[in-house]
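Below you will find one chain, with nothing else, as structure tokens; this is the form predicted alone, and questions on how it binds or moves follow later.
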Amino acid sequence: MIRVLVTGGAGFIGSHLAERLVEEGNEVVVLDNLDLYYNIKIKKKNIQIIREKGCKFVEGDVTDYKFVKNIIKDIDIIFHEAARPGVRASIKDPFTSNLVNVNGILNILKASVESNVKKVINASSSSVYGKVEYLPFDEKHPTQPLSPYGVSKLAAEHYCRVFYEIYGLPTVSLRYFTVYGPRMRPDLAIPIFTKSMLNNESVIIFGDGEQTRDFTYIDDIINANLNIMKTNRADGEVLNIGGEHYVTINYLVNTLKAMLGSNSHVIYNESVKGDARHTLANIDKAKQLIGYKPKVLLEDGLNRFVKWYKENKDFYEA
């Protein structure tokens, strides 16, 4: 049995990953500091779900090196999902993004070397690309982040690469593209839009709505992570993990309105500094190295999310 640690496991992606890892027969320890970035009651609901699946939960902080070293002493593989998320939040407070996202991964990597961890899989972000020179983004596209969050994620990737090249620690960084699905963070567009539409309230779009995103369903993200456990072909690499298609925010809103039968009016506000104009993943490298192939199209994924949202209306409530 493989002993696995999922950092940030009380969050959206981490909790889904922990569930699947247990279902695959692994012994799973979940680490989270229950940060107040968003409603802590949501994280506690995720903890209840993963505990019922058989995960062990430990409260702690990846910025505490002594704690990290102690918690991973018997761990085989680490999925590092812990982060201070949010482009806009990082613009307001770049210090916390750097502390959690850079110092956090550095602690994980250094402790992993000392504890003979077999592999560290690092959750990165399409935010590392920033300015668009061409689409779709392949992993050789220049990285010019537009926010402190993007900078912190890029720094984390470089630390992973260096620890692989210098210390021989197998690492892989996955650049996630706009992940969505049940239990996603309440501050993200899809749950915000859904809530407004169900109440027939106005939907607010920042910018003209013609910006595009490559939406990736949570199941595809989890499958990519699990695939990496089965191969060493991607060690030392960064991989795009996207949905392979992009749509405008206007299209997203209109699709949700049709699904929900909503009469919500759309209001356009000023665009936000640091937000990328377009994202689209070239996933050829992930296909080749780990056999990644997204299976859930946007309309199907949105239907799944809407169904879950209606059946779990109290999930986001305080």
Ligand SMILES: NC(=O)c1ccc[n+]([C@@H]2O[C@H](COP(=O)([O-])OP(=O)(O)OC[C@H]3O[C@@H](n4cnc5c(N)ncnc54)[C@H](O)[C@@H]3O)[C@@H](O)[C@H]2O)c1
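The first residue of the sequence shown is number 1, and the count goes up from there. Note that the coordinates shown come from a computational prediction; the quantities given were computed from them, not determined experimentally.
Not on display, but discussed next: the form predicted together with the named molecule.
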| message | Please determine whether A10 contacts the named molecule in the predicted bound form, using a 4.5 Å cut-off between heavy atoms. | response | yes
Is G301 a contact residue for the named molecule in the predicted bound form, using a 4.5 Å heavy atom cut-off? no
- Query: Is the gap between S196 and the named molecule in the predicted bound form 4.5 Å or less for some heavy atom pair?
  - Reply: no
- Query: Though only this chain appears here, would G54 touch the named molecule in the predicted bound form if you measure heavy atom gaps against 4.5 Å?
  - Reply: no
The stretch from 33-41, 245-253, 279-287, 264-272 that lies within 4.5 Å of the named molecule in the predicted bound form, judged by heavy atoms, is 33-41
Exactly one of A156, I78, A123, A224 comes within 4.5 Å of the named molecule in the predicted bound form through a heavy atom, and that residue is A123
Answer key: of N107, T212, S97, T178, within 4.5 Å of the named molecule in the predicted bound form (heavy atoms) is T178
Looking at the named molecule in the predicted bound form, is some heavy atom of each of G14, D61 and L188 within 4.5 Å of it?
yes
